[in-house]
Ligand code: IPD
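A single chain comes next, written as structure tokens; it is the form predicted on its own.
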């Protein structure tokens, strides 16, 4: 890491930034926020923008030489040695409809590799953290992925991108294939960072989605791997630092899930 700056400073900065942004989100939550539409069902609120500005200011004050890539305004260089990847409000649709299932997601990458991740749901007081080689935690409790080895023992999480055409049909098709493996059920809560945290916590055996951006998964993928799980794209490849499919699992189910989701890739 950066000479003269310990990983604890970076970790503490990420937690503080997430919690400060969370306070901003709560100040807007269930109030009449200005909601705008990027695309079909793809919303942005004043809260998203204000929270991202807060996070960027906190990080830049401590690490002025680091790049920041955010969903709303920050367009940092993805090839930078140190890159913070920020989603100020993951679950904007939930937020806009008054559902208390949303999160701030912050990750720090070094040469493209996640070093730490923080996912904070201020409405529930849920703090998920991970540091490379240091494990993953929920409010201080060590996380471990589930031990389910077969699909018929498992609960699976998924997400739908905003597309209402072929990608949606591919997702529905994959869900049907999962049910034909006698899974316990499918859950779709609309906040990918928390979905990945649920894989890390052993609540889901696996989670998949056919399009996510780096700010959606950068922190969550480290939670999963530090909890003993596996994260790839939906063909089994390494996640890129751009929009991608994603499959996260406890590891034991990964190949079984790949056999389902990989067949759908490229059909949209």
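Positions refer to the first chain, counted from 1. Given the structure is predicted, the values throughout are model-derived calculations rather than measurements.
Keep in mind that the form predicted in complex with the named molecule is not shown, yet the notes after this line are about it.
- In the model of the complex, none of the heavy atoms of residue 145 sits within 4.5 Å of a heavy atom of the named molecule.
- With a 4.5 Å cutoff on heavy atoms, residue 226 does not count as touching the named molecule in the model of the complex; it lies far away.
- The shortest heavy atom separation between residue 129 and the named molecule in the model of the complex exceeds 4.5 Å.
- In the model of the complex, residue 212 approaches the named molecule with a heavy atom inside 4.5 Å.
- Out of the listed residues 138, 188, 110, 184, 188 is the one that sits within 4.5 Å of the named molecule in the model of the complex by at least one heavy atom.
- Site annotation in the model of the complex: the residue of 85, 192, 156, 116 reaching within 4.5 Å of the named molecule with a heavy atom is 192.
- Note on the interface: of 147-155, 74-82, 129-137, 160-168, the segment with non-hydrogen atoms within 4.5 angstroms of the named molecule in the model of the complex is 160-168.
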